[in-house]
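Heads up, the chain below is alone and in the form predicted alone; it's given as C-alpha cells.
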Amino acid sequence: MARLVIVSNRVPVPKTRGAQAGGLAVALKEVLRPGAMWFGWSGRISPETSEAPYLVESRGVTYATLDLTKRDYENFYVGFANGALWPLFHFQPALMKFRREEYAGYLDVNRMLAQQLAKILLPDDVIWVHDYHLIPFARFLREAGVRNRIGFFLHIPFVPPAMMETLPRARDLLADLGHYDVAGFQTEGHARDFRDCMARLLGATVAGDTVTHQGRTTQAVANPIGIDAVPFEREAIRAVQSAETVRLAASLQGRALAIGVDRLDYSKGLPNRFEGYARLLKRFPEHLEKVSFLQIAARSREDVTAYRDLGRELDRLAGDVNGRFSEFDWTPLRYLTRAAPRRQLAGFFRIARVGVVTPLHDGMNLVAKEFVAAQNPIDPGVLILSRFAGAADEMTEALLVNPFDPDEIAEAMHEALAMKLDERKRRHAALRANVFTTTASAYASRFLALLSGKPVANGPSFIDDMLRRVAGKWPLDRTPLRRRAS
C-alpha cells in the first residue's frame, strides 16, 4: 500500500500525547492516520541546518522535521515567501519586495528539504506538498531522482498573468509548478489563472484542466478546502455553557454581537472593516448602543515591517471608533490581538448575530464556514462575506460585499442586524448544507483520488484503502533518521 507523505513549511508536531494541532492539521485530520508521515521545518532556528530529520511519532503518524539557520529563515520565510510571494498572491504588488539573495535562499531551503526527504522516501510513497513556501520542491525532488507521484495544493489565491509577471523569476516558478502531477487551487478562478499563466508566460499547452510544458503534464484543478463541520457544531453547542461564553454574553447586556476573527494581516481588510463599522454607527444611529463588535486579530509575522505598521494603524482606528461613539456603559468595538482557542471561538460564534469576514483577497477563509457551522439553525446569525474570498464561490447566500468599500460593509451590517428570522433561516439553511458537504474529509478525498489517478467518486473509502499500513512497512529506526523527544 502507498504511504502518504505530507510536506509543509511548518510541521505541527503534537506537544503532548493525544494533542491535535489546528490549522492545516485540522484540514488534514482525515489523512493523518497510522502510517502517514508529515515532513518539513520544525519552526526552530539553530546555529546549523539539521543534517537529518528528527522524528516524533504520535498516534502512529511520523512527524519528521529539520531546523533552519537564522539566515535560512530570514531569506526563505521572511524574505521571499512572505516578502514577495504573499503580497503578490494577495494582489498587493506595491508591498512586494524582491531581493535576489532572498530568492536564492528560498531555493536553497527547498533544495535542502527535498534532498533530505528523497533519502527517506519509499518507491510507492504518494507526496502531497502544501502552499507557496514550497513551489520549487517538486523540481528538486525530481533532480534527486524521485519519480513518485507528487501533488501540490495552494491555500492562498493565485493571480492572472499580468499580475504574475510583475514578480521577477515568475517564469521559473511557473515552470517549477509544472513538475507536480496535480496542482490544486481553492477556486476554479484560481486554477484558471494558473493555466492562463502557464499558457501565456511559458507557452504551455492547455487542454481542459491539463497543462503540458516541456513534456511534463500537470492536472490543475479546483478543490475547495472545508472544515470538520459536525464536530465543530458540537463544540459550539457545548461551548455556549463555557465560562468564557457566559461571560461574553453577560457583558453584552442584551446587545447583538458582531464578530470578526482573523490573523493580523494586511490581506484581511481590517482597516476597512473598522471604518465600515464606524460608518454603520454614523449612518444608522438606530444601532447605537444596540450592537457590540468583537474583533479578534492575533498578531503574526511581527518581524515584517508591513505587519507592524498595520498593527499601529488598527490601534489608532480602534481608539478612534471608541472615542467617537462610546458611552460610559458601552464600548462599541472590542479589539483583541491575542489568539483564542478554537473551543472558545466556537462558543462566541454560536451567540453572535453577525459574522464579518471581509478579506481583501483570500484563498478560502474557513472562519466563514466555522461561523455557519456554529450557528443555531432555529435562530441563526447572518454571515457578511467578501466577494474576494474563495468561500464566496460556494457561499452565495451570505451577504456578499466589496471589502474595499467601507460603506458597503456598513450597509451589509445594517441589513444583517435588521434581517427577519425567516430570511435568516433560509440563508443559513443553504449555507449550512454547503458547509456540511464540502468538508475537510471531502477535500482530502478528492485531492488524493486525483493524485492517485482514481475516480474522485471513490471519496472517503479511497483514503481508508490508501492509508492502510502494512506491518513493518516503515520502521521508525531507519537510518539516517534521528529521534527527538516530543
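Everything quoted here is computed from the prediction, not taken from an experiment. Quick note: we count residues from 1 along the sequence shown, nothing fancier.
Below: the form predicted in complex with adenosine-5'-diphosphate-glucose (ADQ), not depicted.
Interface membership of residue 340, defined by any non-hydrogen atom within 4.5 Å of adenosine-5'-diphosphate-glucose (ADQ) in the predicted bound form, is confirmed. Under a 4.5 angstroms non-hydrogen atom cutoff, adenosine-5'-diphosphate-glucose (ADQ) in the predicted bound form lacks residue 245 among its neighbouring residues. adenosine-5'-diphosphate-glucose (ADQ) is not drawn, but in the predicted bound form it has a heavy atom within 4.5 Å of residue 364. Looking at residue 277, you'd find every heavy atom of it more than 4.5 angstroms from adenosine-5'-diphosphate-glucose (ADQ) in the predicted bound form. With the partner omitted from this view, the residue of 410, 374, 345, 354 that lies near adenosine-5'-diphosphate-glucose (ADQ) in the predicted bound form is 345 [heavy atom within 4.5 Å]. Between adenosine-5'-diphosphate-glucose (ADQ) and the residues 86, 158, 128, 76, the one pair within 4.5 Å by heavy atoms in the predicted bound form involves 86.
Of the stretches 172-180, 322-330, 254-262, 103-111, only 254-262 has residues with a heavy atom within 4.5 Å of adenosine-5'-diphosphate-glucose (ADQ) in the predicted bound form. Within 4.5 Å of adenosine-5'-diphosphate-glucose (ADQ) in the predicted bound form, a heavy atom is found for all three of 186, 225 and 297.
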